[in-house]
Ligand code: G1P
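This document starts with one chain, in the form predicted alone, laid out as structure tokens.
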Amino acid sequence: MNGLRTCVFPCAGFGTRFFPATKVIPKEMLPLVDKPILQYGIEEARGSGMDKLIIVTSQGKDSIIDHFDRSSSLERSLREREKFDLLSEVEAVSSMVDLIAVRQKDALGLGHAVLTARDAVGNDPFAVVLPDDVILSDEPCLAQMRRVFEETGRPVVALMEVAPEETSRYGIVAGEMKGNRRFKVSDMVEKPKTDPPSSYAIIGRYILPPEIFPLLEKTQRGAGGEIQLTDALRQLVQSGDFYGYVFEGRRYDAGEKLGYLKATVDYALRHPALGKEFAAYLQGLFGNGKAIDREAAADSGRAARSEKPRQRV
């Protein structure tokens, strides 16, 4: 089996949980402090030794590729105005990676998105990163998982322990914890309503063999009328050892509003230029006995919504 150097980023979804903000802006391009959400996943893959990066896009998402492309006119303008600090940031993004883009023409689910990347992936093992799942960690999550893959040569998914009342929101694995954060998976259940097989949820990081592609080809549409990746993974479990890894770090669902806000706060606090001042601002809001008057804020919001718009002249 060849080395792991390929990572697939499914980016074809509509981002309806963020409407109307994502009506024309891809959700993957929403800014998380000073970078688009997708860039954090790209940096994680690059920091985990992967240099063949594949974006699965759909109509209206050309800005994703544009972000990582050269912008000669912008670079020339910054150079002429001697804004060399900004120029270095722009050049760093454009030189970060050369992306391979494939188009998912029909919105048929995550499994179909991964299958769409088959020709670009080839016959090598590959990783899948769901950009919505932003993971803040000292060591990249994929790098942690990669060690398990290289030692075993078998598929690995990222796991996170969740509260019992939250298991119905995730794919939950069955099996046995083997130590060193490794979980040997015997089965998985998508969003169990009752009797979850464990408290370990699958998070949006996968390392898979190319054998997943023929399984996806045969997978029938499941929940929501879509081709579910989980259905193909269950078949892969039956073919040999399959591992989960309980990663070190904190995961945010940046594809929904509250998770996005939490990620924004935590990443802003760690930002080298903004963190100290932002922490002081939060301390002013919540420290020294001062708290937000939620009822007053709600009254203000209601007043703003009821105010009649002014006529333009």
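These figures come from a predicted structure and were not determined experimentally. All residue numbers refer to positions in the sequence shown, first residue = 1.
One more form of this protein exists, namely the form predicted in complex with this ligand; it is left out here, but the text below deals with it.
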Answer with one of Arg76, Arg103, Lys178, Lys191: the residue that has a non-hydrogen atom within 4.5 Å of this ligand in the model of the complex.
Lys191
Can you pick the one in Thr116, Gln228, Ser198, Gln144 that has a heavy atom within 4.5 Å of this ligand in the model of the complex?
Gln228
Just one stretch in 236-244, 77-85, 126-134, 211-219 has heavy atoms within 4.5 Å of this ligand in the model of the complex, so which one is it?
126-134
Does this ligand come within 4.5 Å of any heavy atom of Pro155 in the model of the complex?
no
This ligand contact at Val173 in the model of the complex, heavy atom, 4.5 Å:
no
Is there a non-hydrogen atom of Tyr206 within 4.5 angstroms of a non-hydrogen atom of this ligand in the model of the complex?
yes
Would you classify Leu110 as touching this ligand in the model of the complex, given a 4.5 Å non-hydrogen atom cut-off?
yes
Need the contact residues for 245-276: heavy atom within 4.5 Å of this ligand in the model of the complex, sequence order, or none if there are none.
Arg251
